[in-house]
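In structure tokens, the next block holds one chain alone, the form predicted alone.
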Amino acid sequence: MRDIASILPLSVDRVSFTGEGRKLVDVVSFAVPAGGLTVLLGPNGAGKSLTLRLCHGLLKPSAGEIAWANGAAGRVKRHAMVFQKPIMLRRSVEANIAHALAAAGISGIERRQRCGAALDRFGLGERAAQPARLLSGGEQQRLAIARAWALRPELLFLDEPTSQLDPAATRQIEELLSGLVAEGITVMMSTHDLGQAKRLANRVLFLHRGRLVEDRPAADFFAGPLAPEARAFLAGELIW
């Protein structure tokens, strides 16, 4: 599963991102060590999704630096991302996984083995030949996670992965994520769901207006946040 040198920790150093004439991410710094599940928490518009995209390399910072351990960014990509609305190709369930592996340079027997393992691991074996776009919302999100898992990432980014799912599908995805962490995959996800953050997070990064206002172990954060914006958010107040 792992090369000799880990890509973690991920270091985010004074990163900003400017768009629409203003700073949408404003001088944010943190590090992501190996292990556990980190939640980016905050109201809509706080900069959670942008921060994930910056970390994954889909966007370039306007200022600051994002660096992987051992200079890994230019050599190897062992991080993957799952989006709020899964992106499904007009192909079968199995072909969606195979396409991602082919794009990553995985071919032949290994690609077939990884496809089979992902289908089994995420309970999609009976759906393998079905068109991916005809799956339910929960099944599509499971497929998106299976597709990312097949790439064998050290770090998995997820952008509000259950915001469009019903409670049963949400519970299933949460159980899968807990299982991935138990397997040794580091997870970083965004959510504005306090209950979900309490259930899953080892660590909370609380964002407000593009700024990181609190970075604490989850148990400490929920026991008593230090930042007034975080206290107001936990109290159910609207913050802008």
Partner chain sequence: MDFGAIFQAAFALMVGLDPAFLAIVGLSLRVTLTAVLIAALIGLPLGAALALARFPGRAVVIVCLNALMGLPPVVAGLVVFLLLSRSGPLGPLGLLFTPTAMIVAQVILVVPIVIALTRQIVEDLWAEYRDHLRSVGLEGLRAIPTLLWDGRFALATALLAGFGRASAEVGAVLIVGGNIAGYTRTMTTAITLETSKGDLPLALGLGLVLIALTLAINAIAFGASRIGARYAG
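Positions refer to the first chain, counted from 1. Please read these numbers as outputs of a predicted model, since none were measured by experiment.
Omitted here: the form predicted in complex with the partner chain. The next part is about that form.
* Asked: Just one of Ala63, Ala31, Ala182, Leu58 has a heavy atom within 4.5 Å of the partner chain in the predicted complex. Which one?
  -> Spelling it out, the residue with a heavy atom inside the cut-off is Leu58.
* Asked: Hey, with the partner chain in the predicted complex, do Met81, His99 and Ala103 all fall inside the 4.5 Å heavy atom range?
  -> Per the other structure, all of Met81, His99 and Ala103 touch the partner chain.
* Asked: Is Gly138 one of the residues lying within 4.5 Å of the partner chain in the predicted complex, judged by heavy atom distances?
  -> So Gly138 does not count as contacting the partner chain.
* Asked: Does the partner chain come within 4.5 Å of any heavy atom of Leu151 in the predicted complex?
  -> Leu151: yes, in contact with the partner chain in the predicted complex.
* Even though the partner chain is not shown here, does Lys77 get within 4.5 Å of it in the predicted complex, heavy atoms only? -> Residue-level check for Lys77: yes, a contact with the partner chain.
* Asked: Heavy atom to heavy atom, is Met88 within 4.5 Å of the partner chain in the predicted complex?
  -> Taking the distances in the predicted complex, the answer for Met88 is yes, it comes within 4.5 Å of the partner chain.
* **Those residues of 122-155 which, in the predicted complex, come within 4.5 Å of the partner chain by heavy atom** => Residues within 4.5 Å: Pro131, Arg133, Arg147, Leu151.
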